[in-house]
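Just one chain follows, in the form predicted on its own, and it is written as structure tokens.
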């Protein structure tokens, strides 16, 4: 299952296109964005279905790793929409701050997965991590298209440069990890799990980069890409893993499985497993990636692909992995079990 996944859900774009607090020009921009995204998804689906999916059948093992670390490449779309754009030479020392930041943070994500989870790139075989920047004109999104990352510059008011959010970068690259492991679909419960995996590992990467423990972390997703206009309206983030339904979230989410509805947008339903991870990590304490993260990672990669996985199935996988990984520490299982029960699973 190849997911062409974006950080900003379509319903947020549609809502902003009708927000009377924005100027007519801003509302028109978001209206056009929403229409473009719908058209883009159709074209991308056709393109992907007609291409080879052999790469998506890469290693499903968490233990196999190629010798070399992945190459990190950056391309510049120069406000066009043809991918990948022109290659940026030596992006790590580029005078284009977006190019340099993209290279540094993508390298950081690769290091995070290698050091913490012994994973070599998204496919565990050293796949080159390719990114395109300056996509479109004031493009308000970032996406993984099954092969690479792409980042917009934002409109400068509601959203700013999407590479400013290192959790956004890790979120989208984690869609690649999911693509090469569980291959979760992008609808119903599997879709919510797919988005949640990206939020969970994106948040862990942000915490790991800042050397924050679970109590120091703010657990916000997308706080660094919120522009002055969004902040003026009281929005401090896209989502909040600790308080998914809070008013300061531009994209609030349900907090209990009883609120799940069929065909719910994956960006919404992901709030349920997001909250479970937050509760488990905080109850365990310390750094989120040391215990809770290890359990979530094995629950994602240690099984055969499950495109239609139910949330309860994933919850039970984490319970099983908690017992396997931390036999000598039953408090890990207890915390994870209690967290899932708290969200109705």
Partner chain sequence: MAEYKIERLGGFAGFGLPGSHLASRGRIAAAQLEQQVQDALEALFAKHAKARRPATRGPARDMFSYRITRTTDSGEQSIEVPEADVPGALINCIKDELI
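Positions refer to the first chain, counted from 1. These numbers were taken from a predicted model, which means no experiment stands behind them.
Form predicted in complex with the partner chain: not shown, discussed below.
Site residues 197, 214 and 287 are none of them in contact with the partner chain in the model of the complex, judged by any heavy atom within 4.5 Å.
Among residues of the shown chain, residue 105 is not one whose heavy atoms approach the partner chain to within 4.5 Å in the model of the complex. Contact check for residue 171: a non-hydrogen atom falls within 4.5 Å of the partner chain in the model of the complex. Residue contact with the partner chain in the model of the complex: residue 233 places a heavy atom within 4.5 Å of it. Interface residue remark: residue 219 is not counted as part of the site for the partner chain in the model of the complex, having no heavy atom within 4.5 Å. Only one of 206, 134, 119, 239 lies close to the partner chain in the model of the complex, with a heavy atom inside 4.5 Å, and it is 239. Residue 265 is the only one of 153, 224, 123, 265 with a heavy atom lying within 4.5 Å of the partner chain in the model of the complex. Across the options 109-117, 91-99, 271-279, 143-151, residues that bring heavy atoms within 4.5 Å of the partner chain in the model of the complex belong to 143-151.
Contacts between 241-270 and the partner chain, taken as any heavy atom within 4.5 Å in the model of the complex, involve 249, 250, 251, 252, 265, 267, 268.
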